[in-house]
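Taking the form predicted on its own, here's one chain by itself in structure tokens.
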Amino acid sequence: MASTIVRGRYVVTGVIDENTSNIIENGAVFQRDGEIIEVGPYEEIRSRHQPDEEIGSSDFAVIPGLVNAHHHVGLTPFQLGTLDMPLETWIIARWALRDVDPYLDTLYCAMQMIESGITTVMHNHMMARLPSDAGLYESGARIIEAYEDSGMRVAFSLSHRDQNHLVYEDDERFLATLPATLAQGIRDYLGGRPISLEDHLSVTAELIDKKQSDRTRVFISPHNVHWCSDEMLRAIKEFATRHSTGIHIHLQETVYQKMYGARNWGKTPLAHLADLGFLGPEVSCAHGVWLTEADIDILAETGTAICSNPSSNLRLKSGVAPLNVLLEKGVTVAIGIDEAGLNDDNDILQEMRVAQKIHRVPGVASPALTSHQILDLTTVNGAKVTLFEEQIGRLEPGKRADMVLVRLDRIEEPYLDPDTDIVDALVYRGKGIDVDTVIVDGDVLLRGGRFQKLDKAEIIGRFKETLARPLSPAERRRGDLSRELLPHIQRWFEGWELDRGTPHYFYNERA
């Protein structure tokens, strides 16, 4: 059995309330075979245990492993040639992205996440049709295998949709408005090796059977309410119940999606899900920017969670989610990066800071998220939505030994008031570059900023080789279709007069 003492000037075992965390100064964690056995003052831990190894010093803060609660890919759309734009046009612009190797892309992404202190991720893989070189199961399995090789925990799902692939109406109705040649090209593209609901359910069941493990959970994922028929949503809910697994779905990310609900059901998409009996504690919803007060009550009543992605929502002009109100009503909220974050670098510490700052509403009595709340969202609540709650989220006996050592020198340079709470210091000033050591299940994945089980340079070199090839005819054709289609998508959405309701937050006003 491998045993370790992990020590730091501060050991943050977990959040107590919105203003307090349990912090042990000159503390330590003793783990054996991946299980936390004892947490306490370093001298006491050292006197009672004889570990195989001791890690850390007074130069570090030790915190629970961080959770990225919503994610998709490694190389970002910007790296692959697509600028930020509103979600509805950005989705079509992404058709022009080149194909990447899913294993190497995921492993590259996992390395970035580990380097920023992420030990667990909710990975939602979106596929509209089968790739030319592999089946659906093989595509999902390769991504899971990349996470297995990285050492991270993952809640993995294949995302699927069966309607409204172009705009928020029937595909054929929209295609009838396009030039005939363009419309046929899109039909050919959308019809190429399509994934059926039966494919989606059977492959997810196979992944659960063959790939689920102590570090891997397999969820099922309908892409979004307006992209899925009621038949599909009911089938997915039944599947999740039968297999005792989680459901991850995008929800009311943009104002257009909220408006779609009013136009088609006379209610919000979330209220429609409630009517279908779809919601519950096993359901996590990505984004939730355009929630009404009634929606928030539904979330609280059903135990359904929100995975908020502040940087993504800013980059795609989606807006700002009502996190303050959600937390006031007792809704479980976790934080995700959703591919990139502000700097295309998967820095969860920076994402935590963005989440805190954009929810600071003007006014001395207005609510604002504290650093302790932000840490709770990124540890305990991240563990809840990924269904690892029993194993991770806090540093306490019986939990698995997932923890991060953060160097304090840069955070404190050239001066930091000695009375500053360490959780405030981490959220206000911490960056991925401060992460020194990352441990999952007692295994050291990163030490001194260097990977222990992966050759970073070799992996990136292999990845670069695959990206050096010229675009295939299929990739070029897809890019041409995207560029020709985009103006038509833009005009279609410009025809919607945006709803102007009462905002949750007060930021500014016109005289």
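When you see a residue number, it is the position in the sequence shown, counting from 1. What you are looking at is a predicted structure, and each value in this text was computed from that prediction instead of being measured.
Here the subject shifts to the form predicted in complex with another copy of the chain, a form of this protein not shown in this document.
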Going by a heavy atom distance of 4.5 Å, is Lys329 a contact of another copy of the chain in the predicted complex? no
Would Gln490 count as a contact of another copy of the chain in the predicted complex, using a 4.5 angstroms cut-off between non-hydrogen atoms? yes
Is Leu83 part of the interface with another copy of the chain in the predicted complex - any heavy atom within 4.5 Å? yes
Contact between Asp209 and another copy of the chain in the predicted complex at 4.5 Å, heavy atoms? no
Only one of 421-429, 214-222, 437-445, 152-160 gets a heavy atom within 4.5 Å of another copy of the chain in the predicted complex; which is it? 421-429
In this chain shown alone, the residue from Leu182, Ile195, Ala271, Leu342 with a heavy atom within 4.5 Å of another copy of the chain in the predicted complex is Leu342
Among the candidate residues Gly319, Gly246, Gly261, Pro102, which is the single one with a non-hydrogen atom no more than 4.5 Å from another copy of the chain in the predicted complex? Gly319
Of 490-511, which residues get within 4.5 Å of another copy of the chain in the predicted complex if you count heavy atoms? Gln490, Phe493, Glu494, Leu498, Asp499, Arg500, Gly501, Thr502, Pro503, His504, Tyr505, Phe506, Tyr507, Asn508, Glu509, Arg510, Ala511
